[in-house]
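Taking the form predicted alone, here's one chain by itself in structure tokens.
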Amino acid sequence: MKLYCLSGHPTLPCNVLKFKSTTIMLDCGLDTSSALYFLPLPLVHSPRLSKLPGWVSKDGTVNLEKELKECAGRVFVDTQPEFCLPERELLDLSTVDVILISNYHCMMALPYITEHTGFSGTVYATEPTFQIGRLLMEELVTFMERVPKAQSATCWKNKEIQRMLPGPLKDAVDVWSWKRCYNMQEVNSALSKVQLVGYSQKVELFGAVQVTPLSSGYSLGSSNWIIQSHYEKVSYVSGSSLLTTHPQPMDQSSLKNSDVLILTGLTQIPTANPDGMLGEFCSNLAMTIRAGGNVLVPCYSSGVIYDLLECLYQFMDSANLGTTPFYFISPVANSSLEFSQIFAEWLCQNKQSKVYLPEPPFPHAELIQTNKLKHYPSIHGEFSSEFRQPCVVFTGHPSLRFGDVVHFMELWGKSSLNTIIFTEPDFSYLDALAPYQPLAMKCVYCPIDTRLNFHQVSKFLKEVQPLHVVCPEQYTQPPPSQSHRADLMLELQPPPMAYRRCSVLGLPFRRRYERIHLLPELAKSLVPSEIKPGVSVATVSAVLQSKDNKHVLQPVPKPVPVPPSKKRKRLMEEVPDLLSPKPLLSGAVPLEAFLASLHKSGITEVKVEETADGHILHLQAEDALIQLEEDATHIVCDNNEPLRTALRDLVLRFLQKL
């Protein structure tokens, strides 16, 4: 069993598991943090960004004015942002049979895998993961296509040139694996390969293994997966949460007794408490609005935004923010808000019960009805005529490199009354803000990540007790910024097996058993012999048929006599009868009783020598040797066949024939 690791990002994993005769891809996350090296894509022409000077090396030998621009003391690539793909050269991805998706953030690289590698298998995901994943992909494509940039920049990726660039561009890794965004045709083609599954639904893969999604408690429809055969069990835990938020709670009990547990997607902010961050978010928002400023919240169009709106719904009236308008701007804003209300069976019990009252499970429905929350596909059109300040705007993309958020950064960045609040933990907020410096608006970092922290995961692993744990190497050492914090890493016995991008791990268990079915007529012919109380054994002669990973023992077919050919005179050889198998021997030869029987047979001079495996009996007069071991008996005598036969018969008296 092998694990191929195609992504080095611990929360955006992409691994391939070879288990029995199947090749299973576990998630295909897309690392969008590479977008931070690119200039923002403004929706409205930006004089500031259009007048930036091009980059020329200090000695003037390298001129990349068309590709690179200097901005706020850094150098950025001036083209459409590119994303870091999972590794595609480590193994032939056309051999992948199935892709299992754990949540909608971990499927964003799907079109790159299904459309450009020869993949012809099936993708399994829950319905909310599929639908919300579609929205996030659609949003990403729209963001890119709204602001097309014709030129592509590749010269800067040359190793010799990249080495001369200023940091952080100089230190960017795997730059040749970066690719531009896919298009809607590729998205639709990739999603046509998805087969929807429900929690605890068992899916057979070629008769070899069974895969089952379980609720992971992190987001709508998010799953952990069990991959098992009759005798082996692998659990894949990715993006899980034990906190009480809107999704169904995490199913832990089904993950018990795994041979191997692959652990990814822990919290990116282990020191931040989500409840404390929500409180800070609300208080900073209220403070800014009271001072007459605007609040900008760069966020994804699904996920934490549902919890933020719910939190604000409870907080608004007590903070006298009842008249403040809330705007949610995204090409998929309407669909996202509607989907969250219709996936009732994927929600926690508290929200499920509201559906039967009937009430909408999320309060943002009421916010929309009372005109406190308005949603728009973009800043153009209706929004520009209905927009009033001070207000709160939720919009994407959290990297601040594309989407409507770029316009608001240009619009509000120069006033210290305004505040930008970062809630998504995927990007370094200082790097995200770099091309907008100098910035007058206040910045607040309130990352909300509900995934498991190290304390929770240690407790969880004690409960489910896997034999072996596999995880990204980042989890086996403290974070570089807090190297003294030994509590911010996994300390397990035995130590976890760590992986990094492009590593191949041999997983530490061997297949020992296989299930075989007996046909009834064969079972009827068996004659069991009891070898000890409660244990019976029978010998069987049969034909083993293996097909589609199912093994069946069938009776041996009786040979059909072939009539001799008229043309040929010589006699056909008759098919020989099948020889009945030799009986199997069972039991142990007791030393004292065996010595007594030797004595009775006239063999009296016996010297007994004890060994690590049993005893050696030296028959001195007969010049022979008998080795009695736990699982074998050897008789050694030269050129004395009658003696060997007599000794063999004495040994057989103590053994049982099957």
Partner chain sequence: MESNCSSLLSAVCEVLPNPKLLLPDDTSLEKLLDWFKDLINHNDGQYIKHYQPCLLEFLHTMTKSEAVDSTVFSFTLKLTGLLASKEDSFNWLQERGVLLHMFDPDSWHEIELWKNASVRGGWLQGLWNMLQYQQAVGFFCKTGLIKLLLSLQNDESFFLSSLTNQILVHVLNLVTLPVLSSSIESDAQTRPPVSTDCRSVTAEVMSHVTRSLSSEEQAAVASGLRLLAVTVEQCRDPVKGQLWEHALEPLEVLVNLHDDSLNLSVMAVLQAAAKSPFFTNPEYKVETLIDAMLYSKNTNESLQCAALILQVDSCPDHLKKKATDVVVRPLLCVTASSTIVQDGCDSLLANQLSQKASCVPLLTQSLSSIADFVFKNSLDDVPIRSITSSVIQLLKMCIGHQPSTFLRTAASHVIGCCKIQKYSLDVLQSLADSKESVDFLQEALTVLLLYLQCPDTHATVFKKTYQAVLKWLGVSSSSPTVLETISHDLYPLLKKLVCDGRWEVRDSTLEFIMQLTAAFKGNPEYNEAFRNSGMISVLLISLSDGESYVQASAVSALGEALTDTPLCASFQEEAVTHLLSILSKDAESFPRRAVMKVFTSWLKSPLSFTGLDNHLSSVLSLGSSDFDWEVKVQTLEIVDMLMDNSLSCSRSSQGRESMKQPLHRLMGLGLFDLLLKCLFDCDRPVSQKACALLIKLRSVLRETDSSEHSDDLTLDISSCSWGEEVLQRFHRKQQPEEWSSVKNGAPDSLKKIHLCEILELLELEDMQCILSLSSDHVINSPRSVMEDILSAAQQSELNVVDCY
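Residue numbers count along the first chain shown, from 1. Just so it is clear, the structure is predicted and the values come from calculations on it, not from any experiment.
There is also a form predicted together with its partner chain; it is not shown, and the following applies to it.
- Residues with any non-hydrogen atom within 4.5 angstroms of its partner chain in the predicted bound form fall in just one of 129-137, 487-495, 193-201, 326-334: 487-495.
- Contact check for Leu467: every heavy atom lies farther than 4.5 Å from its partner chain in the predicted bound form.
- Although the partner is absent here, Phe315 sits close enough that one of its heavy atoms falls within 4.5 Å of its partner chain in the predicted bound form.
- The closest heavy atom approach of Met277 to its partner chain in the predicted bound form falls within 4.5 Å.
- Contact check for Ala286: a heavy atom falls within 4.5 Å of its partner chain in the predicted bound form.
- Contact with its partner chain in the predicted bound form, defined as a heavy atom within 4.5 Å, holds for exactly one of Asn257, Asn350, Asn320, Gln151, namely Asn320.
- A single residue from the set Arg290, Arg74, Arg88, His116 has any heavy atom within 4.5 angstroms of its partner chain in the predicted bound form; that residue is Arg290.
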